[in-house]
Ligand code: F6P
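One chain follows as structure tokens, the form predicted alone.
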């Protein structure tokens, strides 16, 4: 009998999602005679049973379109806001999964989606995931789709900011996405020729950054480009966060852990304006006019790059093949020019950050980029 599969996209939108939906759907339908439906708006659509038939006509023409035709949300199956309270909707999801006679559910998303998908896998559903995020921080895969497009956008921003920085003899600070991983800032900074790159993996000393900028100024270079991950922290802030995390790990009661968790969340909230503070600090320390540009959601929008379309297609078709082979409970990881299934338990709850010995970091240091340390 023909298999029935469902597809959903969860978490933040990312270039390449539609290419992946198209690849899974077309390969499943054309090569393996499967029936494919999509659930709207992530796990919430699965709870509310909002579906769309993903046949040839629905999948036609979406390869080059950004975002996701299915819509997305950050709702978690086990903690979903419903009627003013958070409810565990896992059993509802299981019921709807069986209502549609699904043989597998394909979840496209980042780190949070991997954890949510693993939760459903533990409750007996056949799950396959695909790694997408512009942050490139999903564990156990060489790369995520969405990253290359965002990298190109961020690099173009650095290119464009060079001209205004040079013309006005300014420090230009560019904030790019990356709460916990610096892949995007590091890649765009290197490709765009930034003078300073600050990432979450390397806590920075603002005086080190200011000194590097002043040395450039004294050497006759009247401008500097600083690329910063939104999650980059000063050494003092990083030390405080580490203290709080250690205190939570050592807490003996659930009440105490919850209280410390609230402190951590409040502290992280305080850091949201960190790049603005950094810009003011650099102006005060260097006496050079400083300006801040925050790319924000521009990085996630628009047409996916050829690289992301190819990657999403490669992983999506591999997912369809794995379903045909009845291989479940895995993420389809990019590995070299191919794809391979990785058990979800090896992915969920983990994060791929920039190793301190990564070649990009070594290259940055060799060409004189200041990394804030």
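Note that the coordinates shown come from a computational prediction; the quantities given were computed from them, not determined experimentally. Numbering follows the first chain given and starts at 1.
The next section is about a form of this same protein that is not shown, the form predicted in complex with the ligand.
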Which of 253-261, 88-96, 174-182, 209-217 lies within 4.5 Å of the ligand in the predicted complex, heavy atoms considered? The stretch 174-182
In the predicted complex, the residue from 268, 169, 240, 74 with a non-hydrogen atom within 4.5 Å of the ligand is 74
Only hit among 113, 133, 149, 224 for heavy atom within 4.5 Å of the ligand in the predicted complex is 133
- request: Tell me, yes or no, whether residue 230 is in contact with the ligand in the predicted complex, where a contact means a heavy atom of each within 4.5 Å.
  value: yes
**Asked** Is there any non-hydrogen atom of residue 119 lying within 4.5 Å of the ligand in the predicted complex?
**Response** no
key: Contact test in the predicted complex: residue 297 vs the ligand, heavy atoms, 4.5 Å   = yes
